[in-house]
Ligand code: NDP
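In structure tokens, the next block holds one chain alone, the form predicted on its own.
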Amino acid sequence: MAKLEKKFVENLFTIEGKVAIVTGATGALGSTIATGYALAGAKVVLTGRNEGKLQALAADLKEAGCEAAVCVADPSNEESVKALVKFAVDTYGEINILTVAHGYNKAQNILDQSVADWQYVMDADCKSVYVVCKYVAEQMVAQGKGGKMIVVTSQRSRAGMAGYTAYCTSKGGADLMVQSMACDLTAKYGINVNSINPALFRSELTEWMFDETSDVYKNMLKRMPIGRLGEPHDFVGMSIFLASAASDFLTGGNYDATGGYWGC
């Protein structure tokens, strides 16, 4: 049995000097994870569709002494993703970490939802995961150093919900995709692929649900053993863990970050 060395333990959770792409970096969660990576010493490529928000985040990170670059891209478009990968390599030399944190939902009853609306959610939340992971994986394989892929899905990937026919399907599909990609990529190429399943967290879209006097808030807490709803910073630790050497033996996992929701 190999002796446990102090240096090994000290470096378990470091991502310093690694190059990370974070999609959805304009959103509440994506921007927070990207900030966490940057503050931990990673070189972060921020990507999304809103250039103004991306540039503002990059400016904040650079002011804090971090390294960050901006590349506007559509994660569901192959050519756009290819350009993103090229940009990351041209800018920082390689890609070591990918975190897919973009997402979209349009809640509708199946009787009211058009096939086109359903397909849009599927493309935004499932197809796009495939496209981004495929082309980043090709780059990681070419580098020959392995890598870490983290896909943000949802607590809704394991349970249906009224009005969520598209969203639950897309997130459940993304979780299964993560398991399958791990089978393709980990043993042969050293690329670990995992997903995080977060609870409902605060954002511009969900802020209305955080009124502690409302019935909506009280009903949600009935299945939240943690005693509160999520905040974007709650998921930074798991994101860094899954991007670091500490998670080298973990792949194909869909990791519960639901505040206990799945257990109740």
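Don't overthink the numbering: it's just position in the shown sequence, from 1. All values derive from a computational prediction rather than experimental measurement.
Unshown form predicted in complex with the ligand; subsequent notes refer to it.
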inquiry  = Exactly one residue in His233, Arg49, Lys62, Arg228 has a non-hydrogen atom within 4.5 Å of the ligand in the predicted complex; which is it?
reply    = Arg49
Candidate site Thr14, Phe241 and Tyr255: all three near the ligand in the predicted complex by heavy atom within 4.5 Å = no
request  = Decide whether Lys171 counts as a contact residue for the ligand in the predicted complex under a heavy atom distance cut-off of 4.5 Å.
outcome  = yes
inquiry  = Contact with the ligand in the predicted complex for Ala124, defined as at least one heavy atom pair within 4.5 Å: yes or no?
reply    = yes
request  = Evaluate Thr35 for contact with the ligand in the predicted complex, applying a 4.5 angstroms cut-off between non-hydrogen atoms, and reply yes or no.
outcome  = no
inquiry  = I'd like to know if Val70 sits close to the ligand in the predicted complex, meaning any non-hydrogen atom pair within 4.5 angstroms.
reply    = no
inquiry  = To test your reading of this chain, name the stretch in 175 to 183, 88 to 96, 135 to 143, 116 to 124 whose heavy atoms come within 4.5 Å of the ligand in the predicted complex.
reply    = 116 to 124
key: Interface residues of 7 to 30 toward the ligand, as seen in the predicted complex [heavy atoms, 4.5 Å]   = Gly24, Thr26, Gly27, Ala28, Leu29, Gly30
